[in-house]
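What follows are structure tokens for two forms of the same protein chain, given separately as structure 1 and structure 2.
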Structure 1
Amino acid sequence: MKITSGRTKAYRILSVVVLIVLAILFLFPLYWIITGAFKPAVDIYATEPVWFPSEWTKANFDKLFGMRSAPLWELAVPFSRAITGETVYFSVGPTVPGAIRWLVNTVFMSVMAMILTCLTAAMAGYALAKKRFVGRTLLFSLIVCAMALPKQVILIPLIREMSALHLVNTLWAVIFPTVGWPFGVFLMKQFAEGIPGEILEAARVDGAGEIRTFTTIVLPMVKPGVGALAIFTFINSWNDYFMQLVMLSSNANYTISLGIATMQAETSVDMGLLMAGAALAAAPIIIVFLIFQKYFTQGITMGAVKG
């Protein structure tokens, strides 16, 4: 037992006060987005800052949704251009505001990247952790090295590759490089190492095939890892502005981030409209983060172990 001296106690109180001030400062931009989105023009252009909207209005959102329109969902079938000579589109649903379409694109992109990453990484992580195959060490070092490489460095070859595959300006051009990024494999390997070898051995003795072993034994055991990876990939993919910027060029294929960024370049003075856009882009992902926060934190820490 230690007797807390007056000085340490004073320090504790001081540090809590500082923390609270910092927390308010960190939350402020978010507060400014949300209130800005609902402020009338008078408040936006006031020379004295208006800390709280004098009147809550949805005028900014009306403007945002009135801007452009597009079919709700339209998806280029991957590789269709390479096979049939022209791009085949699935087009579904009524005509909606452009911003909603951007949101649908973003959700599709993030969910697709998430599913593909989890599936491929779970399999690869298991193989790297539990199989003793030729070339394993080499492959693993390649993965670790590639993780330190900034994604943007390979940007130009990636674009040329995508245009050779006729995938440029489709969401797939953003999805595929995300799936290829080896962080997921690394993370899943960490989790799969926790599977006791005896269980796998027992399954083999009992005559379970490779696929059966994977689906009935491995997958349930690495489930927390898959959860962490899923939420991690979803959020990163949603916010990967750079990839979206270079790969997507037509308005109907924009993601919400890209749409807002373009709007910013076009009308950099209409702050109310921009805040409405920013709020629309940030709200869904923040809600997802808050719901799955636990898995997310786990994913970050697991990725760092032995990193």
Structure 2
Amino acid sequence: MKITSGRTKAYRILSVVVLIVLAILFLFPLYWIITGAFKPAVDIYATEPVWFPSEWTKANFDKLFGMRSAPLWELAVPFSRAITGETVYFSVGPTVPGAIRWLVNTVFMSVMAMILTCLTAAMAGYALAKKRFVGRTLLFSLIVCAMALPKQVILIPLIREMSALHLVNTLWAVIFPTVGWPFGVFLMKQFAEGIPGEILEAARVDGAGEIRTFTTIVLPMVKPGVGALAIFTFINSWNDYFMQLVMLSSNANYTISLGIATMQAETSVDMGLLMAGAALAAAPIIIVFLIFQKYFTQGITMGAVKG
């Protein structure tokens, strides 16, 4: 018994040590970006790594916020060009540094994509899991097959579709293609499968309609899956540089990653500027993950148990 107890204790200690080492390895790039954003040029371009800034400076952020300017908010009304012949914009706020505008664009794009994707995926997953209709299996098979298609394969149809809808060079051209994410539908179907049919039947007997059943019974029961999908969608939309590069072409509509890339292309390689931009872009992702961390962990755990 003592030998078994000793082995268990040694295993736990080894596990903690391994986890600490892995945590340090994963956190080191974030540490390097944050400290690099506040380093002077002499530390950034030193021949030997400078692990801690010799002098904290905000010169890199001053450069990031001082190179361009744009209105704080200018959102294109979707489909307005098809109706009026020209794009209608909703503008609010004073002129701000371009990086602030790009950050606002990226947050809006990612949040809208997250909300719309979670809503449509939850509804589609519930219908595929609990409704019986002709072609249900075929439809789900097509969704699974669509997960294997890289975005580059459907790029030309997407561009033609966004162009026909007069959405090119607007944030909606990056948001709408994300809404029908096949992985989201697949994930939410797996969670909806675990809803007991007796509960849904009891709701129908009590006179609850489809909307009330979905909002009061289905959504609360698949909340861990929605939380996990929210993080996946937010990060996927935030980091989707390829679609942003293809769909957006004006300075006012740039995202933070695209805007920093264009700034970098106009000047020589400035690692301090890149570090400051990367630190600014990483902050919202960290905040979103901390908010949804509990649901993300529950979603991963429940998915592992089901598998």
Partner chain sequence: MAKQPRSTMSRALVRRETISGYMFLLPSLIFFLGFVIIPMFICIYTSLTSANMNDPGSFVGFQNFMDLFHDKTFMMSLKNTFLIVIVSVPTVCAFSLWVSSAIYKMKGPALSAFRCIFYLPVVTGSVAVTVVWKWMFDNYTGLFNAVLKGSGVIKDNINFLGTPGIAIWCIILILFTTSVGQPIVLYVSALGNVDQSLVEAAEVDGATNMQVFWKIKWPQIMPTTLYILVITTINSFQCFALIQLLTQGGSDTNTVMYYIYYTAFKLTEQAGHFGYANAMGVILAIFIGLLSALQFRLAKEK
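Everything numeric here is computed off the predicted structure, so don't read it as measured data. The first residue in the sequence of structure 1 is number 1, and each one after it adds one. By rigid core we mean the largest C-alpha set that fits within 1.5 Å across both forms.
Here the form predicted on its own appears as structure 2, and structure 1 shows the other form of the same chain. After superposition on the rigid core, the Cα of Val246 moves by less than 2 Å between structures 1 and 2. After superposing on the rigid core, the C-alpha of Pro284 is displaced by 2.7 Å between structures 1 and 2. Relative to the superposed core, Phe26 moves its CA by 5.5 Å between structures 1 and 2.
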